[in-house]
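Below sits a lone chain in structure tokens, taken as the form predicted alone.
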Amino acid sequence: MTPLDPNTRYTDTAAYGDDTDIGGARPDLDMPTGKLIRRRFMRHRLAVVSALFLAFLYLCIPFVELIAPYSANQRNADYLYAPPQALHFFHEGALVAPYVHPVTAKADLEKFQWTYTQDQTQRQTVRWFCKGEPYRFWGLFEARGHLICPPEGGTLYLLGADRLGRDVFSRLVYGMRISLTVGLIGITISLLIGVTLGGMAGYFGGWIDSTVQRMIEVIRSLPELPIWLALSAAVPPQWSPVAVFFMISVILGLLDWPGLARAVRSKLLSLREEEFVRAAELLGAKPARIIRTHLIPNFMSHIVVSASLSIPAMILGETALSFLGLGLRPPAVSWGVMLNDAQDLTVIEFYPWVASAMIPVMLVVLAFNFLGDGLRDAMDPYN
């Protein structure tokens, strides 16, 4: 066996890749913490793709009126349960302007349903960057610009139409605004309560810790779904959709904080005995400053990961409540409201596209879970 040359650097790629000395040294540990976290995160490909996907969705939220070809509640009584129209880019092997085939509706009196046929001999060119249905952009001024519009005298139902002749794709885009935002508002409330109460319980201990622990035990002992249903049913029906939306967000946030509070408490119980905490106390720092400046930053990685994993739970909570008819109500549009319209299994059998909202719900939940896994691995780079 050839002896190792002490002047030569060897790498152990099995354990750490190409950046680790055979003796166990980790040269990347000399990097700044932020750069090291980014480097570890970029190695998690699913997390990177999920982050880009979620960033794209959240960037689209302010521009849903511009993206959707129709308004959320625009109806067309001549196209009830219209099937999806394919968007074509080629004709006879040549690249052409995007077009769709016109659709004609006919009532089937034997099956009591609408049947639609596409005329493959005709082409209707789709309009881009066009003027369409007017809307109030950000609620400030009226605008008519759209990214894509139906052809003149035609229709553009990329994902079909529902029982009222409303475009499913447009409603998915509008519903994205509420379904994705409810998680952010809910997790903000949960973080504020969980970090505050958990920090106080872990740092002060004594009767404060006992009180917080009893509160957590009481909330955790209650069945979650019935509590959601009871609180949502208590929302007055005459409230506006915006008020109901914020109330649902508050309910989800108020019921999600115990797990985070308990994790913060357990971490601070161990950190408060460290020397840097004692030094801060001897220098006269107040407890609030010690918790905010010295203790919480040492726990920030867990908080970030917990938040990324709690957001999909809140999205599913809003979807479940709206699906059961106890969350958001029409004319508000969310993915849960859309699924509420798809409860009839007979309708799903003949018109499966009305349940399209379950696809973005699944994709967003998976993306948040992959993102949480990547953040957890990246923020604990020394393991």
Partner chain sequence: MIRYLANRLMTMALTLAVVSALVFFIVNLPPGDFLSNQIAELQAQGESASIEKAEFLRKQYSLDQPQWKQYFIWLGAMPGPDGYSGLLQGDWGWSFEFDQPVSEVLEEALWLTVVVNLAAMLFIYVVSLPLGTIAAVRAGGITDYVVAIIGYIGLATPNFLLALILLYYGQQYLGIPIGGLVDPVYEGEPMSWAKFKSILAHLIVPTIVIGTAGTASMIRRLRANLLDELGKPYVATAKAKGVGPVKRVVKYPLRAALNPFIADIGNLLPSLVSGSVLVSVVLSLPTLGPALLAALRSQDHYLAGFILLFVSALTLVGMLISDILLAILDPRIRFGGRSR
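Computed from a prediction, not measured in an experiment: that's the story for all the values here. Numbering follows the first chain given and starts at 1.
Unshown form predicted together with the partner chain; subsequent notes refer to it.
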item: Contacting member of I61, I348, V48, A55, with respect to the partner chain in the predicted complex [4.5 Å, heavy atom]; value: I348
item: Contacting member of A279, A230, M300, A86, with respect to the partner chain in the predicted complex [4.5 Å, heavy atom]; value: A230
item: Contact flag, S240 vs the partner chain in the predicted complex, heavy atom cut 4.5 Å; value: no
item: Touches the partner chain in the predicted complex: Q120 (any heavy atom, 4.5 Å); value: no
item: Close approach of G153 to the partner chain in the predicted complex, 4.5 Å, heavy atom; value: no
item: F323 within 4.5 Å of the partner chain in the predicted complex, heavy atoms; value: yes
item: Candidate stretches 167-175, 213-221, 192-200, 96-104, one within 4.5 Å of the partner chain in the predicted complex by heavy atom; value: 213-221
item: Sequence-ordered residues of 335-361 touching the partner chain in the predicted complex, heavy atom within 4.5 Å; value: L339, A342, Q343, L345, I348, E349, M358, V361
